[in-house]
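Presented as structure tokens, the chain that follows is alone, the form predicted on its own.
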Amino acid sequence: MDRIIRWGILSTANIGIEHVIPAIQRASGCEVLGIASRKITGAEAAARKLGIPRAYGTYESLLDDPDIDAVYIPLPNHMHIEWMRRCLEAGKHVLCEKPLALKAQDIDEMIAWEKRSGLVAGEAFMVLHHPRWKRVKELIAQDEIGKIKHVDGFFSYYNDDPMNIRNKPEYGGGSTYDIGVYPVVTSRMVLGEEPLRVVAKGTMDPVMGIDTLSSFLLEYPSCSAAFTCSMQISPFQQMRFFGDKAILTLDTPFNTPNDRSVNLERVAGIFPEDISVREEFSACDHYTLQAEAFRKSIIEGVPFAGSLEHAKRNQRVIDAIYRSISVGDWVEV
């Protein structure tokens, strides 16, 4: 486990600059060696800001660097497949931002590439690595809140900039692709099941052509789940798991802060004083934990939580949500 994994970053996207790159730099056994942009000036500016040794004026030049072991991709959604393939062909392990693809069937090709290459490829869902989420799964498995009857969640923020890639349908924009994936992936993880069918309603922006608000009901084998996501509502995040003994509540469950502790509440009543258990989790960075888990997969062969197979199963749900929005009825996942 002493081996250092040297990372290259494909693009200067904000998610990388503000969150993921600093987190990788703090990860045990990881080094960010280089960053690439379409323009060398952008790469050099990012490298100076973050103390990255190498800057590249093309993505190809980063992939040609023999010193790079693994690549992190925060490119726009529609570019993920192409550049994951190029990374694997260049002999690089690759961790790509979610969603991995815009259609589940496209991930089959990536799975084949990964198998042929003998490398590790994964989807960057940082929530899969946070200890609070792992504790939720553990509590439910141990029957601490009883039989799960229902799950609900809400995730919103405000972004009406028509030039932003999240508001461009050709780039894989829309609230479901951008943030609806989070309640889907966490409910799947915690329940240990795959939804059978879904019905969804989307509010479409008439100019930008993307869903600015979507609500969807998932039918799991053991319970129902109802989620709403929006890119044009004041920021809010919450997930709740309703059991026949108690309710688990997570505030800020997705963009969990890394500079302060967070809580997990088990409630057995309807008033604030009815909170039966409040567990506190020390501050940690789930992006750092993600990088360390990916490194462990590379070095020890430990299965990565955000595997390509896992990504395909999650994308099948997202595909079904968009199909349901289109037809206005229940569809099978």
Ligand SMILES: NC(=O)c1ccc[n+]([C@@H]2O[C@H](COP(=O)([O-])OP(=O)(O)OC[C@H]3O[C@@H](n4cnc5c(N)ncnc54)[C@H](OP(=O)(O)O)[C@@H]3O)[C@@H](O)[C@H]2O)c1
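Note that the structure is a prediction, hence the values are computed from the model and not measured. Counting begins at 1, following the sequence as shown.
Heads up, the form predicted in complex with this ligand isn't pictured, but that's what we're talking about next.
Residue contact with this ligand in the predicted complex: Pro74 places a heavy atom within 4.5 Å of it. Taking the partner from the other structure, this ligand in the predicted complex has a heavy atom within 4.5 Å of a heavy atom of Met79. Using a 4.5 angstroms limit between non-hydrogen atoms, Tyr171 touches this ligand in the predicted complex. Although the partner is absent from this view, Met239 stays clear of this ligand in the predicted complex, with no non-hydrogen atom inside 4.5 angstroms. Exactly one of the stretches 243 to 251, 120 to 128, 197 to 205, 143 to 151 approaches this ligand in the predicted complex with heavy atoms within 4.5 Å, and it is 120 to 128. For the options Leu102, Ile233, Ala90, Ile165, the residue carrying a heavy atom within 4.5 angstroms of this ligand in the predicted complex is Ile165. Taking a 4.5 Å heavy atom cutoff to this ligand in the predicted complex, the one contacting residue in 282 to 304 is Tyr287.
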